[in-house]
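Given as structure tokens, the chain that follows is alone and in the form predicted on its own.
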């Protein structure tokens, strides 16, 4: 192609002024005072970008139930961000889960991320529903839909849930959750965009029309992310490991590499028409804020004092 042809061609979507971009951020409840300071510093940094919502996770076996509720309640009190509280089926009766959901509604939470949840032993453990509890995330979604007019997000797994026999089984599980009342799906993180596109095409072909938001994780710590990916059924490509090779004791370069990789992934998704991203922040704002800036997001409004 001649130089003139290059200059006449339309620039990539990610190189133009991006409009219509939407983001959401995921945090986990802090375990210590220092972690709480880090979390709220991150929320304060990201809040002016006006995310569609922020979600707060719920630990394996419901282990962070009180801390999740406290974090969500503080977001409601002290910010203008719309929170989405994670809620799981693990280790609780239907009545107990319903009471937690009602308490969220009473403090102004209108969005729930409904998950089956990991057993107390983590993802590697085997899930056993409580004898008087919700047996699955589908049952939980249906229960929430009966309880109040929540917006309900659910998870989905482009590379398959660790317990699934096939992607078709995952598609069927997602369809069941939609039939029960789910309004949005958020994917497990992935590093190869083709994984997401293949899953999206298969979901659309099966009649699934709700938003399927790609989950993006900027790699703060490669070894930690790789372990998490293994437990969650997400593949870690060899090229990703190679980019972080030799950087264990070089956090500055590691952050620059992480930002580059995540930005590259997001730009390719933007070029393919994707306009909403869910960032797994790991309670750190710097990489996520930089990527949001690159896709055109700018501070929009003041939040309540944090």
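Numbering follows the first chain given and starts at 1. Note that the structure is a prediction, hence the values are computed from the model and not measured.
Omitted from view is the form predicted together with a small molecule, to which the following refers.
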query: Heavy atom contact within 4.5 Å of the small molecule in the model of the complex, the stretch among 94-102, 73-81, 187-195, 218-226; finding: 187-195
query: Residue 111, heavy atom within 4.5 angstroms of the small molecule in the model of the complex; finding: no
query: Residue 150, heavy atom within 4.5 angstroms of the small molecule in the model of the complex; finding: no
query: Contact of residue 53 with the small molecule in the model of the complex (heavy atom, 4.5 Å); finding: no
query: Proximity of residue 163 to the small molecule in the model of the complex, heavy atoms at 4.5 Å; finding: yes
query: Among the candidates 236, 142, 200, 173, the residue which, in the model of the complex, approaches the small molecule to within 4.5 Å (heavy atoms); finding: 173
